[in-house]
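Shown next as structure tokens: one chain only, the form predicted on its own.
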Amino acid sequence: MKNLYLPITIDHIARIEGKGGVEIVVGDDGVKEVKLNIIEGPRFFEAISLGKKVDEALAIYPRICSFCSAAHKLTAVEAAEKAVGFTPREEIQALREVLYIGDMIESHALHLYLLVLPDYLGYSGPLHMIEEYKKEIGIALDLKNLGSWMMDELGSRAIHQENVVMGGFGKLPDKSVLETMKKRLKEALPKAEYTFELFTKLEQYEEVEGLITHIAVKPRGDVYGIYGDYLKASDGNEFPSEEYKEHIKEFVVEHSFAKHSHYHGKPFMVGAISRLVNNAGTLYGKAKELYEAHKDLLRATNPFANNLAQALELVYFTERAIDLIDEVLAKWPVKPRDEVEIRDGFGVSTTEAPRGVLVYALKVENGRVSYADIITPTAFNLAMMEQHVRMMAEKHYNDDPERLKLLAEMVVRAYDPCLSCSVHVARL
């Protein structure tokens, strides 16, 4: 008798950024096919920026996504500065990293408490949790508001930050603002630690255990962080950021507006757990203590460990921002900006966005952008994510379809995807 295959479809994955679905085709003999259907409309940001003056292009790129706008702005500005041969002063770089950390704190807090936690507590969404879990929702909003305020003060607004310019900042906040920021970060640290302890108690599903290749930015100065000039893989390979296309290949798949990516011909993962897999030795402070006490849960073989890794990073980046502010205050007053001579050149910046490695490659000719290539964390992750959804489906295809749908969505949410960022289709 011919085997009958039936689709199990999730038209819209809940509690992620952007619009995408899952299609799982199953039959009596198992799973035939799994597709992550990324139906977020394509956005031609690279093509739009071609021919634009550099400063105009740098105002366009953050519009790729409001959720990740600081990451896009800061990475694009560094790529442009590299292209023209400019290096910002240490205190400017420190303040930019504090701004980036604001994005990290806001994003991680929202993802963990409002997008992930409802699954484990049996709720369809965070609004239904308020009555019973008022403390957790309060912590989520406190951390979110802190990160948003940090971006507002340093970036001029919480989304699409325009205050970051080539050479530095348009203006800097008063010293008292940085002192207040340091005070608020210290007050937030116990909330970050509570978040980590909470997420150590949540299940990491064994169904998706397996070998994963992790890629992360190798941090400058051998201190766990956001910026770096090399990419590091868990197979022991390291290569300059400028060589990313020699090792990572993007390709089109028919069921998605977002491209997939392979590293040396195979899927791979980026994100908080990938940063820890590659760079845990550069942690310090309370985060290092927590990592050493719980590293058996922060394992490289399970994508659900990404949730706990983000919780650990809330602790780390809160402490890191305090230290960076101290470094800047020791040099106060700080000149906000240096003049930048716009010359022809090519630059690549690789940074660690909340969701993983973000790549910007820009070529500048006659003061205008003549080439642009952007690869976002979700575009890197989609092939690996699809593979993990299939692994989950192969273990549960005989279960109640609603149970399978929930588990498939939980796999996707563990990656914290940003689908708006992923569909940056361009023809150059």
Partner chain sequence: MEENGKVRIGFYALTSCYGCQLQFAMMDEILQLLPNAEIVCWYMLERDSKEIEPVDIAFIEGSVSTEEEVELVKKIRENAKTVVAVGSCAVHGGVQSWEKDKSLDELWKTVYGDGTVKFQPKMAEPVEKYIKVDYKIYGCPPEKKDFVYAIGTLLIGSWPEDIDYPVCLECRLNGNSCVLLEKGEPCLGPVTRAGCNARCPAYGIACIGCRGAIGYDVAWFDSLARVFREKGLTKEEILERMKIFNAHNPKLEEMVNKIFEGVKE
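Positions refer to the first chain, counted from 1. In this text, all values refer to a predicted model and were calculated from it rather than measured experimentally.
What follows is about the form predicted together with its partner chain, which we do not show.
In the model of the complex, does Gly30 come within 4.5 Å of its partner chain, counting heavy atoms only? Gly30: no, not in contact with its partner chain in the model of the complex.
At the 4.5 Å heavy atom threshold, is Cys65 in contact with its partner chain in the model of the complex? The answer is yes: Cys65 has a heavy atom within 4.5 Å of its partner chain.
Does any heavy atom of Tyr133 come within 4.5 Å of a heavy atom of its partner chain in the model of the complex? Close contact is absent here: in the model of the complex, Tyr133 is far from its partner chain, nothing within 4.5 Å, heavy atoms only.
According to a 4.5 angstroms non-hydrogen atom cut-off, is Pro88 in contact with its partner chain in the model of the complex? Heavy-atom contact with its partner chain at 4.5 Å: absent for Pro88.
Non-hydrogen atom within 4.5 angstroms of its partner chain in the model of the complex for each of Lys249, Ala272 and Thr282: Checked in the model of the complex: no contact with its partner chain for any of the three.
At 4.5 Å between heavy atoms, only one of the stretches 341-349, 156-164, 238-246, 321-329 reaches its partner chain in the model of the complex; which one is it? Of the options given, it is 156-164.
Listed residue (Leu121, Val223, Leu127, Leu189) with a non-hydrogen atom within 4.5 angstroms of its partner chain in the model of the complex: The residue from Leu121, Val223, Leu127, Leu189 that makes the contact is Leu127.
Given a 4.5 Å distance limit between heavy atoms, list every residue of 250-280 close to its partner chain in the model of the complex, or none if there are none. Read in sequence order, the residues that approach its partner chain (within 4.5 Å, in the model of the complex) are Val252, Val253, Glu254, His255, Ser256, Phe257, Lys259.
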